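Next up: a single chain in structure tokens, the form predicted alone.
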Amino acid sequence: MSKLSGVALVTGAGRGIGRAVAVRLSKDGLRVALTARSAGELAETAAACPGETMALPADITDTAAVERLFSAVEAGWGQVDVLVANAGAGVSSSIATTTDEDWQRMLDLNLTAPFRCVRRAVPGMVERGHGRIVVVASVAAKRGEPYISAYTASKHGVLGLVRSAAAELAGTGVTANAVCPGYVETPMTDATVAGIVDRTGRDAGEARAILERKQPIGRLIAPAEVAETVSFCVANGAVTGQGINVDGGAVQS
């Protein structure tokens, strides 16, 4: 693949998928601005990137954080050409026991924060006639599973955001896509395993095997495999409005 150029902003870049995406885009030739809550984790991600990085610790759910992030990148490097809205989290509980606080937390992080990032990125991208928006969603954006209603609702919502943005921006040179992973080998999946152990009494190995079996390929997805798909969305200007599954064949579309 030919080298890319420009400036990327990756949210949730401290670990897991976000770190893998940042490293991949850096290898592709982009300057990568990194944001997450942990300055220490961002430093580790920056050290793994071969190219130029800018670490910007922030809580992406803070109503003022998005403007601060974009302004900092613009002051240092210029306009953001590639936005990867990756920051996210999950919560597991039955519908009856899902609290208002858990529901709101899922919406704030998984839906409202990406919306604010997209809203802030779009005007400059449209003005320049080029831009790439990639949201890391989930196969939970495509189907429902028990005990993750708040998470699933937020991911369905963010896929809707991507589809609407792509339709609105068609013809401007700006694309918008979602990457929809299954269960990935990340700290978030480790937390899911712990939740299964707590809820069912199974040991961790058995709990992990349950998640592996949800994917027809019989294993968890590697973060690098998700990052490869993000890179594809950045490089290919003919793909927009898509929710691309990276889930070992669990959801066929």
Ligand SMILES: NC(=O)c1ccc[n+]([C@@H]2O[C@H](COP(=O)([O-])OP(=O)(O)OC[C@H]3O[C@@H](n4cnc5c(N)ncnc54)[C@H](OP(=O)(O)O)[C@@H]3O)[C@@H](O)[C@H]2O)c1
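As the structure is a computational prediction, the values presented were derived from the model and not from experiment. Residues carry their position along the shown sequence, with the first being 1.
Only in words, not in the display: the form predicted together with the named molecule, which the text now covers.
Notebook entry, point to check: Among 180-188, 194-202, 47-55, 22-30, which stretch has residues whose heavy atoms lie within 4.5 Å of the named molecule in the predicted complex?
Noted result: It is 180-188 that comes within 4.5 Å of the partner.
Give a yes or no for Glu41: in the predicted complex, does one of its heavy atoms lie within 4.5 Å of a heavy atom belonging to the named molecule? The answer is yes: Glu41 has a heavy atom within 4.5 Å of the named molecule.
* **4.5 Å heavy atom contact, Ile60 and the named molecule in the predicted complex** => Ile60: yes, in contact with the named molecule in the predicted complex.
### Message
Considering non-hydrogen atoms and a 4.5 Å limit, does the named molecule approach Gly131 in the predicted complex?
### Response
No.
Check your understanding: How about Ile17: is it within 4.5 Å of the named molecule in the predicted complex, going by heavy atoms?
Key -> Result yes; Ile17 sits at the interface with the named molecule in the predicted complex.
Quiz item: All three of Val66, Leu83 and Arg116 touching the named molecule in the predicted complex at 4.5 Å, heavy atom to heavy atom?
Solution: Not a single residue of the candidate spot has a heavy atom within 4.5 Å of the named molecule in the predicted complex.
| field | the named molecule in the predicted complex - contacting residues of 135-158, heavy atom within 4.5 Å | value | Sequence-ordered list: Val136, Ala137, Ser138, Tyr151, Lys155.
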